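Given as structure tokens, the chain that follows is alone and in the form predicted on its own.
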């Protein structure tokens, strides 16, 4: 009687609870999330929606800064507030109800106006991982932007204004190792095979195999064999254009065994090889966006204050210039393919071992650099270096701009605005509208259309504010006034459906910054809820 199969290890309670998200950002991403401290300024409808989407996946801690009391208007657009909470501290009520969603999360609140807090406690924001601001007026937004820019803390500004949603991400510099590209091209090095791969594949004789074995050779081996044949016949060149790649596929097709009647056998591995020609047969080069990172001044000229990303990038640069002979460290993984298990595992092990050798070289270089920079040797672990090498081909760097600079006509990229406004239906018009609302509030201390009997006069005032702005930016007038009328009709109202959508998006951006995974928005995101269109702009 055969013995029962061993039981799979039991999942911990935390793994069961967070199973779906662990598949997205892994244990290390979850650990970063649980260590993060997020500050929310103003517990508006959109603000609590953002925190809801951070509390549920297990953010470490949050703090709400809000000096307002709950009003009847709040209860209409904020699901975390009800009629019984009217007159109470909005920050306190929202904190209490949000904490009910996840007992693992810690929450606190400051029942104080943000302007007072900035004046009385200038160091309040120093230890936050990310700061999120909602419903901030211009005179508050600008000094807060400058403060967080100097502290190099990511700042995410969100607005839900009628049928318009808005997210502005302010970050001085953000680097990403795990970008999780949708279509990852396998790093097979068929054009430049490393010694262990060459030795193994050269030991295999395709033509001497019986059909059963021939039909289960990994397609990677098939591509290698026929590529060597092609290069021998074409002066060492790879098939480059469409015609050459089609000819190369035809060569592979001729290698399929035929039966006694002359009909080709069913060999799925050869079909896979032909499908993989476009993605796998290419010159192994350092991608241009990665080359830009390796050539960046922060990579070349390290200092004692250099971040781990740049130290590892410098080590990879040295590897490319020396041991790698112009190539990045090997990724070390191969795609699934129809193959005999033994041969597939052997190939897998060959790639894994070579990747380990490459990352070991890079790690030794990292240790030397840390010593030269007088940084502790445990600043960067071997595990972190392996991860960096594995995803070296998809590294990402973004350097953002300050919101304070965006609000300064001298430093604003007005050409970007003017170019987009040439199309009167472009989503950029909503950005202009929101900036016009900011100017209106600065002048009149209220939102346009906030009082029903003032809608018509406010239309004229808002037009004047927008005209002044466009004039300052060197832009012509808007093609039509419909948007101005619509903005005044909103009266500064917040719609929960729009807040819910933007809140989810903003929470995703926050998680990207915390985990250091996935590419964040760069740098302005606008949502038109009427048409369900979205657009991103960089200022």
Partner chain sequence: MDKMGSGEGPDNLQYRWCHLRKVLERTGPFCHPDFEPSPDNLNFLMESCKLLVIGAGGLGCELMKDLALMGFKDIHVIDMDTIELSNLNRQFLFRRRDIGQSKAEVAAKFISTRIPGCHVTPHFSKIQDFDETFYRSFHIVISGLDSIVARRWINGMLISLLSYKDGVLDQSSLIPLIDGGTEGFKGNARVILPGITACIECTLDLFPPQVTYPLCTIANTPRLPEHCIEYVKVIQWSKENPWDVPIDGDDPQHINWIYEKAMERAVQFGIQGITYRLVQGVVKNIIPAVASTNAVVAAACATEVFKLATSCCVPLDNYMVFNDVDGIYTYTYQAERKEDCLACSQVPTTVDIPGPEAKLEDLITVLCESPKFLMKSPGLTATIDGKNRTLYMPTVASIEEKTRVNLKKSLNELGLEDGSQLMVADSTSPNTLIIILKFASPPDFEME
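Numbering follows the first chain given and starts at 1. Small disclaimer: the values here were computed from a predicted structure and weren't measured.
Although it is not shown, the form predicted in complex with the partner chain is what the next lines describe.
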Answer with yes or no whether residue 445 is in contact with the partner chain in the model of the complex, where contact means some heavy atom within 4.5 Å.
no
Residue 471: touches the partner chain in the model of the complex, heavy atom cutoff 4.5 angstroms:
no
Within a 4.5 Å heavy atom cut-off, is residue 226 in contact with the partner chain in the model of the complex?
no
The partner chain contact at residue 77 in the model of the complex, heavy atom, 4.5 Å
yes
Which residue among 464, 345, 418, 137 has a heavy atom within 4.5 angstroms of the partner chain in the model of the complex?
345
Based on heavy atom distances of 4.5 Å or less, which listed stretch (471-479, 492-500, 34-42, 60-68) is in contact with the partner chain in the model of the complex?
492-500
Residues in 72-109 close to the partner chain in the model of the complex, defined by a heavy atom within 4.5 Å, in order
72, 73, 75, 76, 77, 78, 79, 80, 82, 83, 97, 100, 101
